[in-house]
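Just so you know, structure 1 and structure 2 below are the same protein chain in two forms, each on its own as structure tokens.
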Structure 1
Amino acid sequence: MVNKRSSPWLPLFQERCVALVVWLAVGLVTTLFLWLVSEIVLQGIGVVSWEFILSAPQNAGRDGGIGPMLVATALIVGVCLGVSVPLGLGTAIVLAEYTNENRRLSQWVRRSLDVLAGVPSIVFGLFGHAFFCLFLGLGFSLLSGGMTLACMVLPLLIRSTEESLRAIPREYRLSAAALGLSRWTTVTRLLIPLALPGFAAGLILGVGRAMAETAALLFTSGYVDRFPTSLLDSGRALSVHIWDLAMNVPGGNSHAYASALVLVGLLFAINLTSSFIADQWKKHALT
């Protein structure tokens, strides 16, 4: 029986086919992204100004600006991060460093987090309305909206941070133990700085989801378009304002595109700032 040797050019051909498919996928995603951003910029750049950013809306949003929505969005995101970051980081450390990966309890916790990460935002909104607004008596408020978004962000933040911690080679932990470092010192001074890229990625995705959320905030933070004076006030987030202008206000498309342009700009700024802070903290912690 004759053994047929494969052609020498076959592996190279397969490699080039895979590379072509990858580059086509990258090109498709980039094209869609540029098309979306260019459409928002072209439609909204003529409306954006300092007066638009700082002033209150008028005539149901057809005139005026988005000042109250920016304040409400900042407060909601601040509450969300204030609740989710310490809880998410602490839970990820416990799951990755202080529990056995194969134990039934830790497995159920991870499965529960994976299920929660895929729950529709409208379900979180109904939960937030029932628990924070009614049961805790917070009513329609920025505090209720922020804590509801924290519940949405936590699964993604915990899982990304945990996987980053588990990806660190075991030799780092053994070396730290050989040097006489306590487990807590190893976690805080060595493992957390090394896991910062994963934590920053989860944080950026969480902030992006929180700032772009609409359905959950309709049931928790409210709908009014005035400047909030405290966290217990109701307020309209920027994403809710965009939805209202696009769906319920005839002639509000130009201001909807302008508001969307401001929101995209804020997301870009937050992404760049988070990445820069994570890199600087990692360099400082490891020196």
Structure 2
Amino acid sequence: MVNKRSSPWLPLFQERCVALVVWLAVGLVTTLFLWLVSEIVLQGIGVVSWEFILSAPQNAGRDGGIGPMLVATALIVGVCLGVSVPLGLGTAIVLAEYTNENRRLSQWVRRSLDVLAGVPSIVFGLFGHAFFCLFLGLGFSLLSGGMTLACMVLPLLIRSTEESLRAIPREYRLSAAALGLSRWTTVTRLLIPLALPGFAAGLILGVGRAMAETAALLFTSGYVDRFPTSLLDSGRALSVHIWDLAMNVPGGNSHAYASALVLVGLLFAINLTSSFIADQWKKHALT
């Protein structure tokens, strides 16, 4: 870091150039973002209406709406959360609170979850097809799809919950022990309420991941586009609907735009809620 400048203006010139490149890159990223979003909003907004959102598709999706897809998506996400939330919460508590009793167990579980987090979604799809659809005999159903997604979001959910449990000061646990509270009371009355915001943020991210997922659902929940009547029915998620309209239905583009607009709108709302909760949590956690 010795000053050996041959001429005084060269470093300054370099400095300016790099700054220019940085601003250009950011401009490019922003432009791409605006291009993508405006394309979807402008092309989709004309089709979206209450009727589009509520009614069933006709003519392979070229006409009609996306009602059944929204119901199917909601049910799949519901099943996914119903399975992954209790499992994730329990596991996170073991990983964060019961470390001494279960060192070997938590080490193994943590490593296995780290690996699970890296598994590509299409591989989850293969697994779900082989295990839930065929081995457990659930067939192409919302239940199979939801449980496949549950396996997928489990690592995410556990990690965020564990982090928020670990962020609780040690003194709280010591005071609870000093007061003679049972483990049950400590966990249910103290730790879970305190970790709730972090857990909620992770949960919402998980919902986002589940709603955005397509590849894992293609051959677990199938793509029947009727209103599902039970969890054992096959149902088409909104993301699968977009894919089907874009690839397999000539003339399906306008409805694909509109479906994409609805999906992206929902995801943006979820994303903003999640970062809002995280912000609030950070503010309170400081005290």
Partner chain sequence: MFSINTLSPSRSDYLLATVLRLCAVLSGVVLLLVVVFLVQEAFPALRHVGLVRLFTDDSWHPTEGLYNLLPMLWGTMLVTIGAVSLAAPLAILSAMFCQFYAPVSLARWYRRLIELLAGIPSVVYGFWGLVVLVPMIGNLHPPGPSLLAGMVVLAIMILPTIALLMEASLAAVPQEYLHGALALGLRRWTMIRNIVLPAARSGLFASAVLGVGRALGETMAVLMVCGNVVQIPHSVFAPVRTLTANIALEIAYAFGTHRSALFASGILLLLIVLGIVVVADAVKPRWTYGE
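Because the structure is predicted, anything quoted here is derived from the model rather than measured. Every residue number counts along structure 1's sequence, beginning with 1. Only the largest set of C-alpha atoms that superpose within 1.5 Å between the two forms is called the rigid core.
Enquirer: Given structures 1 and 2, which represents the form predicted in complex with the partner chain?
Expert: That would be structure 2.
Enquirer: If you line up the core, does L218 shift 2 angstroms or more at its C-alpha between structure 1 and structure 2?
Expert: False for L218: its C-alpha shift is below 2 Å.
Enquirer: Taking the rigid core as the reference frame, tell me whether G252 has a CA displacement of 2 angstroms or more between structure 1 and structure 2.
Expert: Where the cores coincide, G252 still shows a C-alpha shift between structure 1 and structure 2 that is 2 Å or more.
Enquirer: Does the distance between the two CA positions of E51 reach 2 Å or more between structure 1 and structure 2, the core being superposed?
Expert: No, the C-alpha moves less than 2 Å.
Enquirer: For A25, give the CA shift between structure 1 and structure 2 in Å, the superposition being done on the rigid core.
Expert: Its C-alpha moves by 11.0 Å once the cores are overlaid.
Enquirer: Relative to the superposed core, report the C-alpha shift of L34 between structure 1 and structure 2 in angstrom.
Expert: Here the C-alpha difference is 6.1 Å.
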